[in-house]
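Encoded as structure tokens, the following chain is the form predicted alone, with no partner shown.
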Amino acid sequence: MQTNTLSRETLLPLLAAHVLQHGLGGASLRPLAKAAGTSDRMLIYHFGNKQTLVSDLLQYIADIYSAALELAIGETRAQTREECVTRILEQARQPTMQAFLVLWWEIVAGCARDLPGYKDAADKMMAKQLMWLEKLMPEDDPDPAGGTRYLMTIIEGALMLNVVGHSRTAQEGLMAGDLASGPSPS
């Protein structure tokens, strides 16, 4: 192990890969350090404390998720709010996105448990997602900022309902709000 090649920038991809595969539940510094090929002391050296490490790591993962969504969806604005929701939900259901969604629900649970660093990380992640979603909103939307928050609420609810086996409930709710048409996805 050569410590002179270690930095936050070199550690974060290694830590992110580990967390996306194994989750955060019960993660301690030793398994994270092992995944990065270093020691828990070196993680503290580079991040200061575990709370900062978790916050920086989750922000890094949020950046990867945002980049993946942007790459998959593109920068073309949606023509309608329905199209915006449909495009995002289609991508969120892709197998390549599942690790991110599982991690997001762990973060939500960590926030509910008031675990140190989770609310701060979730706030930063949500702020980034809201900015990204607002750029995707229809150009002629009468209230892009408010509409973004509305759609984020709907998207998060639909994703949660899908996870708990209520995709039909989510689809029917989207249809009732004129944000989807057609039969329930499988």
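We call the rigid core whatever largest set of C-alpha positions still superposes within 1.5 Å between the two forms. Just so it is clear, the structure is predicted and the values come from calculations on it, not from any experiment. The first residue of the shown sequence is 1; numbering continues from there.
Separately, the form predicted together with a further copy of the same chain exists; it is not shown, and the next lines address it.
The partner is absent here; in the predicted bound form, the one residue of Ile154, Leu69, Val54, Ile61 having a heavy atom within 4.5 Å of a further copy of the same chain is Ile154. Note on the partner interface in the predicted bound form: the residue among Gly147, Pro138, Gly37, Pro31 having a heavy atom within 4.5 angstroms of a further copy of the same chain is Gly147. Taking non-hydrogen atoms only, Thr10 never approaches a further copy of the same chain to within 4.5 angstroms in the predicted bound form.
Interface membership of Ala17, defined by any non-hydrogen atom within 4.5 Å of a further copy of the same chain in the predicted bound form, is ruled out. At the 4.5 Å threshold, heavy atoms of Ala158 reach a further copy of the same chain in the predicted bound form. Although the partner is absent here, Ala122 lies within 4.5 Å of a further copy of the same chain in the predicted bound form, judged by heavy atoms. In the predicted bound form, the residues of 89-118 lying within 4.5 Å of a further copy of the same chain by at least one heavy atom are, in order, Val102, Leu103, Trp104, Trp105, Glu106, Val108, Ala109, Cys111, Ala112, Arg113. Comparing the forms between the shown form and the other one, the C-alpha position of Leu159 differs by less than 2 angstroms, with the core used for superposition.
Comparing the forms between the shown form and the other one on their rigid core, the Cα displacement of Tyr118 stays under 2 Å. The Cα shift for Leu133 between the shown form and the other one, taken after rigid core superposition, is smaller than 2 angstroms.
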